[in-house]
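The chain that follows stands alone, in the form predicted alone, written as structure tokens.
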């Protein structure tokens, strides 16, 4: 049967997502030695996605509740949003006491970015958005969808496997007042490269002097050095009393990927501003998904607000963090043994789930085709996908493609 109006006749097939597409290919691969280092998911030492004990206990506690599943407030329940503020800033932070923090539950960190960018475009529609080179691919897509033109600032130094502070500051000097700057608070995705405390000081100084608008993406708080340490940059911005947007996610740190739990937080000058900003966040939420879901946020707020579960979560988070560090150390050692004379120190200097391996797109393709090892074509490796059962195989394969 032929359609009377060929609405979709010229609609092109969309390109496959560079990361989720690789995950689909991995799932279809029949090779018993296959290794998935593409998707940003934490796997435990047995190669499984864990259900955290603190989350399981929270599930058990919520299972007996029979409250009706009615609509939540557009910004989410206060028990959740207040817990998020305390996690990001500290329970006794002056910004919280003064009421100058606006927070809304969102559909994970991606939803926080989308909500924040849409709100900002309604306020500063002539701004340019600046993102690190490289950054998470979806940053560009969400910013473009909101309407912002996107420019890049230098970030990754391919010669050292480290951070290019001079390049970043040089590029930010080209930004005009009111431009948006997207920052990664810790465990930079995709490189794993983070500025030092002193370097952050110079970045914050430049943003303040240039009157730029910082938007901080913090999806991995606790995977770098610890909860407090990884959130330090947010508190340093708060000390300057600057307007700051923050998108956070609990997908990785609570192993709640499918529950889509996140939040958008905005630091303002005073309580009146916070109320007005929150009203605008709610306007964006209403036009997007109306109200947030219940279950995932209930799990997170239960864990964050019950002292025993909070302690258990921090212990489990430390276990995940330390396992990733151990895998970095083992990978560096094995690659150094396989390729004597090549410096792999950058692997242990980078932090969090990801490492920029230095592998080319051609080498990434060879890993996939010859060894069934899946990494992103940029060379990004998800270190959390390594374990003692596959790390020797991965190191031998990486060394082989590097040697040519």
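Positions refer to the first chain, counted from 1. Worth saying up front: this structure is predicted, and the values here are computed from it rather than measured.
The following text describes the form predicted in complex with ligand LMR, which does not appear among the structures shown.
Placing ligand LMR onto this chain by superimposing the site C-alphas, using its pose in the predicted complex, gives no ligand atom within 2.4 angstroms of backbone or C-beta atoms, which makes the site open. Look at 37-45, 338-346, 358-366, 53-61: in the predicted complex, residues with non-hydrogen atoms within 4.5 angstroms of ligand LMR sit in 37-45. Each of 220, 354 and 380 is positioned with at least one heavy atom within 4.5 Å of ligand LMR in the predicted complex.
When ligand LMR is considered in the predicted complex, residue 136 lines it closely, a heavy atom lying within 4.5 Å.
Contact check for residue 255: every heavy atom lies farther than 4.5 Å from ligand LMR in the predicted complex. Ligand LMR is not drawn, but in the predicted complex it has a heavy atom within 4.5 Å of residue 189. Although the partner is absent here, residue 19 is a contact residue: one of its heavy atoms lies within 4.5 angstroms of ligand LMR in the predicted complex.
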